[in-house]
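Alright, two takes on the same chain below, each alone as structure tokens: structure 1 and structure 2.
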Structure 1
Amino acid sequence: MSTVRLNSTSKSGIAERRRLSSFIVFLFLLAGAVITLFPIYMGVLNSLKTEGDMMNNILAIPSKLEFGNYSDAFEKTNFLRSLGNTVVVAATGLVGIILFSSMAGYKLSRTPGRLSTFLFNLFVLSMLIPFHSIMISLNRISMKLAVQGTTVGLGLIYIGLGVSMAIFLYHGFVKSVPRDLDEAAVIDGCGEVRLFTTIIFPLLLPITTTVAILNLLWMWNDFLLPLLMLTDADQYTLLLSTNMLFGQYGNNDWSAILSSLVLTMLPVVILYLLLQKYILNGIAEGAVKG
């Protein structure tokens, strides 16, 4: 019965049905994309309006571009200082994570034996521990070590929390780097340190890119650890400064808040649009291996 019906359907009928269903799929995705971008669009749009303009019609294009909100936000969040603090934290963490994890991941991967396996498992096991389970005593320890309350200190803490995942990724990648190179270099009288810095580390560039992207995004977007560690407004990162705009006087000044939200997300959005390919690959890789 069904075969008869299938045969009686004309070829153009099938093509038409296919076009229709493809169109429905497109509409569905378009609706999803609109919903996804809606909050960002509304944020940008209303950050450029005067308070009165916003209250008057929240959806409309600004009747006059009001950049005053941005200078207001710049001042209230001390934007340049907050940006500088965020960069210091992320740079400290990133340099440490990449340097220490590549060294450790490389040697752990190359050295057979029980010690090596034990150390590797020791690093990897903690990937299961939620941050909230360590934050209370971490707070205590960092106070004692006087790393609390400084941006560099916060970067150092990120090294401790970030090496596990990075070592795991380096460890896996090193397996694909041929051993002949190590052996040839050793025969040529190349020392361990030079072998690593001049031959091995450059070969790790693809996984270093992944590690750098994943960790940069993590540190840039992390809120809770800076909230616990940075007690002085002079040290605040972008997120902490933005958070301070809320409810200070009971009423939210949305013009300044939206401007500062836009300013805060701008660096990552630009980074994303420029490095999209690496970021998406890095995410897929990090997730599958992690």
Structure 2
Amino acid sequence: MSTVRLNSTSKSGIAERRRLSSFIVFLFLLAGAVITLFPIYMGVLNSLKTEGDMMNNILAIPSKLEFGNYSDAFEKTNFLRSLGNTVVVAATGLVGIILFSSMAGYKLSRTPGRLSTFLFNLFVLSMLIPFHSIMISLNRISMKLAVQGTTVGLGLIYIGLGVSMAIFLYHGFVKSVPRDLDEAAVIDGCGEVRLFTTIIFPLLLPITTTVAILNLLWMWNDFLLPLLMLTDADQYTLLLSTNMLFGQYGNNDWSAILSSLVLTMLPVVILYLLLQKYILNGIAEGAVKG
């Protein structure tokens, strides 16, 4: 009887510790969510205020919703033109990153050897290089190659900067695709290009979705690289157009600025929420198997 009581006591103690640890983890996650979402909440809240209400109390609920701030921001930033430029940059970068990284990740994973290992490690090593240490050289090179000042040229630069991380994810994910598919396709007379495009690449949809969303978020929200590469206001992305609303000597149009930022982040936030399941699955499988 005493043994039974000790076992039940130890089990209850273990259950108690598990509940406590789960509660502590929940508190940490809650704090992280509040820290992350609070700036977004403040931006949306103050984008619906007049300039006077915002300056009086930025935390107060607006007495009247000023949706006119959004139409004002839409006109001042030439939103449709800036959106089109951002889409061109993101589309160019995504197509190139997915195309080159999927093929490179597949080939490196399916071709074991010293050269493949060396090239893969080289791509992984390039992920550790800070952008600020190469931005001056990158600016000079882009001028020499005549890709500076255009949205397509900016997209090409994003391809070079984004392939290393994408190859790492593809390389790990390809390991989960059975080699028997390759062998069966080759026996049936399938060439290497057709093998990849018709059999392998459709199986890479989860990691492709992950790569697409992560790079889209990066390119959509990036400010420094477009600022360095784009010189014509007609080529400005959404964030650069929003930056034009900041005036000299602190004379800033905060209502239009916050409304423009909300309009800028809305498309990618919606897309991320719709595809977050594929993003998390792709990162987990690609990183663990890599």
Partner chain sequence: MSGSSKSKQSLILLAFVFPALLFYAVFMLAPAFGGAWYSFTDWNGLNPAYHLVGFANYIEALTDDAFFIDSVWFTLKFVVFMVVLQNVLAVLLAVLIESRRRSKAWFRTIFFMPNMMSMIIGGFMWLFIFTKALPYIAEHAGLAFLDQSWIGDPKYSFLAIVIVSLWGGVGYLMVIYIAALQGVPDSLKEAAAIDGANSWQTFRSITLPMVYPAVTIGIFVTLNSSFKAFDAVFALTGGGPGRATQVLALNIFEEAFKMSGRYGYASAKAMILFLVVLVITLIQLSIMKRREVEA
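This is a predicted model, so every value here is computed, not measured. In this text, rigid core is short for the largest set of C-alphas that superpose within 1.5 Å between two forms. For numbering, take structure 1's sequence and count from 1.
In this pair, structure 2 matches the form predicted alone, whereas the other structure does not. Taking the rigid core as fixed, one finds a CA shift for Phe223 smaller than 2 Å between structure 1 and structure 2.
Once the rigid core is overlaid between structure 1 and structure 2, Leu239 does not reach a Cα shift of 2 Å, moving by less than that.
The two forms, fitted on the rigid core, differ between structure 1 and structure 2 by less than 2 Å at the CA of Ser126. After superposing on the rigid core, the C-alpha of Val25 is displaced by 11.3 Å between structure 1 and structure 2. Core superposition places the Cα of Ser63 6.1 Å apart between structure 1 and structure 2. In the rigid-core superposition between structure 1 and structure 2, residue position Val268 carries a C-alpha shift of 2.4 Å.
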